[in-house]
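The form predicted alone is given below as one chain in structure tokens.
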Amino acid sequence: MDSKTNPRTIRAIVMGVSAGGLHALQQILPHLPADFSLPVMVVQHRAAVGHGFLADYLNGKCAIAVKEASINEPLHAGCVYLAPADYHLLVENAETLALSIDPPVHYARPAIDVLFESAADIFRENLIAVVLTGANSDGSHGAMRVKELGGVVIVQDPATAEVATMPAATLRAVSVDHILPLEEIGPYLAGLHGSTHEPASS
């Protein structure tokens, strides 16, 4: 595809983060306006027992709505959906959310790969996946699937990550579209507020 003549329409964003995630999400999500034109789904590796603190805390910091995802919930623009503690988060055919208690992936449930792969299968070239700070390789296989189906992959510059292992693993596995320092990711995503994205040339 000629990236100069064939901009794509982005329909959803998926984001994966682990160690250092609260700081990273606080730097990114407040940039998104209340009327942001895309749904955002986030997997943050977290303890198996959770009580909604993360969603409540971020919702209080952001203009965009932030909530924990519910089973069979339809996706809406202008909302950030967080994977609940101890549940994988997936996207289903009708563009609704699903929760799963399938075994952990990369020792994690929720797992980033599970979200990325399911979203890639639904949104294909109309998806952006963002890999942030973290201490394992979760997200790299999902990012490969996003790229295989024509989507866009953004990776946090490992030099700006609290833990560089996860973004570095994705960079080894995938020819990504953008490597951005943490402070540039939120403004970049906010700039998609019309949902048209000019893919990076390779």
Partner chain sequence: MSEPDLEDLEIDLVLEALLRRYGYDFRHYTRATLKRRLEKRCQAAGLVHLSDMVPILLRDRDFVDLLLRDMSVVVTEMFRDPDFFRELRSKVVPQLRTWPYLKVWHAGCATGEELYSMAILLTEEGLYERSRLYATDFNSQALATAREGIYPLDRVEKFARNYRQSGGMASFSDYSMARYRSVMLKPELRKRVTFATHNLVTDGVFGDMNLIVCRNVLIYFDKVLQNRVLELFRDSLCHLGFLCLGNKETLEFSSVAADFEVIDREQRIYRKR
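Numbering follows the first chain given and starts at 1. None of these values were measured; they are calculated from a predicted model.
What follows is about the form predicted together with the partner chain, which we do not show.
Trainee: Kindly confirm or deny that 167, 177 and 183 each have some heavy atom within 4.5 angstroms of the partner chain in the model of the complex.
Mentor: None of them does, since no heavy atom lies within 4.5 Å of the partner.
Trainee: Answer with yes or no whether residue 128 is in contact with the partner chain in the model of the complex, where contact means some heavy atom within 4.5 Å.
Mentor: Answer no; every heavy atom of residue 128 is more than 4.5 Å from the partner chain in the model of the complex.
Trainee: Would you classify residue 90 as touching the partner chain in the model of the complex, given a 4.5 Å non-hydrogen atom cut-off?
Mentor: Contact with the partner chain, yes.
Trainee: So in the model of the complex, does residue 145 come within 4.5 Å of the partner chain, heavy atom to heavy atom?
Mentor: So residue 145 counts as contacting the partner chain.
Trainee: Give a yes or no for residue 99: in the model of the complex, does one of its heavy atoms lie within 4.5 Å of a heavy atom belonging to the partner chain?
Mentor: Yes, residue 99 is a contact residue.
Trainee: Pull the contact list for 96-126: residues with a heavy atom within 4.5 Å of the partner chain in the model of the complex, in sequence order.
Mentor: Contacting residues: 98, 99, 100, 101, 102, 103, 105, 109, 113, 114, 117, 118, 121, 124.
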